[in-house]
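Given as structure tokens, the chain that follows is alone and in the form predicted alone.
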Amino acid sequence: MRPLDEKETTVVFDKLYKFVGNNLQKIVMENPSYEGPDPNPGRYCFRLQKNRVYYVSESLVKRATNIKREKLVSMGTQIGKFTKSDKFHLTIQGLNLLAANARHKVWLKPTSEMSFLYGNSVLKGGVGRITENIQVNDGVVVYSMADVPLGFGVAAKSTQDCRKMDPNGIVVHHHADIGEYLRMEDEL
């Protein structure tokens, strides 16, 4: 497990910024970690292991140095992975981190939750609420009406366009949802 280099850090931060905006500073600098025997809170950092990016506390990184790199399977919270073409994709395991710091949110009606959890995009007819000032291609976290994070995606339309569109029009393009834990359990 190694720290991200400058190019990898830029790619990861650009993707996270799309979803959390200025809250990225809170994730990187201000989020205290109370793990380990040290009474002073530490910080979280990003580490790379086998093309997967993890959000992990510094105290856990120090303790993991006792484990051989080949034997280390996972550590912390996986937030995404790099593809063979060096593109970064956020994975569903990072949903809690995104949901806690999300800038744009969409709440689904109970009738359309299952459709989203099966991997379909969010239609206008299934939207219960939507935050203001969403622009096209902004990162969006999708919630149930009970404020349970279900997944995330990218806005297909702005908030203003959503009000005027047909009920069968796509509002959010699907990227990941909690149903992936069942559909793709071998890959996660």
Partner chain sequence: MGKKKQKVVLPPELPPEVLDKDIEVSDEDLQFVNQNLDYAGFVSNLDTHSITKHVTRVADVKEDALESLYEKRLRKKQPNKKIEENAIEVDPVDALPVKTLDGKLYYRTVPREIKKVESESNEGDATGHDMGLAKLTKAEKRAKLKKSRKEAKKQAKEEVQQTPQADVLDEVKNDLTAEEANESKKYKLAELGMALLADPESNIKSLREMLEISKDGNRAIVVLGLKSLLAVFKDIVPGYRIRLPTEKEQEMKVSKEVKKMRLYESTLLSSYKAYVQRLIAIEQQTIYKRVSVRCICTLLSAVPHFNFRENLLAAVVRNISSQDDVVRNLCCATVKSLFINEGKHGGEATVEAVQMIAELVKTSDCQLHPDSVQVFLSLSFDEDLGKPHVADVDGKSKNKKSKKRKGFEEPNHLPDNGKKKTRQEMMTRTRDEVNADFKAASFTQDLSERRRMQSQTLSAVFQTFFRILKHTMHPTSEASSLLGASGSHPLLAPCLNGIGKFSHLIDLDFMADLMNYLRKLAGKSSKSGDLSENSSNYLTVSERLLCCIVAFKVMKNNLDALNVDLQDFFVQFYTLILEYRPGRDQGEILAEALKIMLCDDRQHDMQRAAAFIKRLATFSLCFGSAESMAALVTVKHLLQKNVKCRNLLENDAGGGSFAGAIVKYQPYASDPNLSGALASVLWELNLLTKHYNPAISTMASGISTMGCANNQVYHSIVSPQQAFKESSLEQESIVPSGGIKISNKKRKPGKDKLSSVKVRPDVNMKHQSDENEVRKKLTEHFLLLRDITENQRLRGELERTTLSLNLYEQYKKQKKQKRKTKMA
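Every value quoted in this text rests on a predicted model; they were computed, and no experiment measured them. Positions refer to the first chain, counted from 1.
Heads up, the form predicted together with its partner chain isn't pictured, but that's what we're talking about next.
For the options 91, 77, 112, 101, the one in contact with its partner chain in the model of the complex, meaning a heavy atom within 4.5 Å, is 101. Proximity to its partner chain in the model of the complex, defined as a heavy atom within 4.5 Å, singles out one entry of 65, 51, 40, 160, which is 160. Shown here without its partner, the chain carries 3, 6 and 14, none of which come within 4.5 Å of its partner chain in the model of the complex through any heavy atom. Its partner chain is not drawn, but in the model of the complex it has no heavy atom within 4.5 Å of residue 81. At a distance threshold of 4.5 angstroms between non-hydrogen atoms, residue 164 is in contact with its partner chain in the model of the complex. In the model of the complex, at least one heavy atom of residue 26 sits within 4.5 Å of its partner chain. Contact check for residue 136: every heavy atom lies farther than 4.5 Å from its partner chain in the model of the complex. Applying a 4.5 Å heavy atom cutoff to its partner chain in the model of the complex picks out 129, 130, 131, 132, 133, 145, 146 from 129-146, in order along the sequence.
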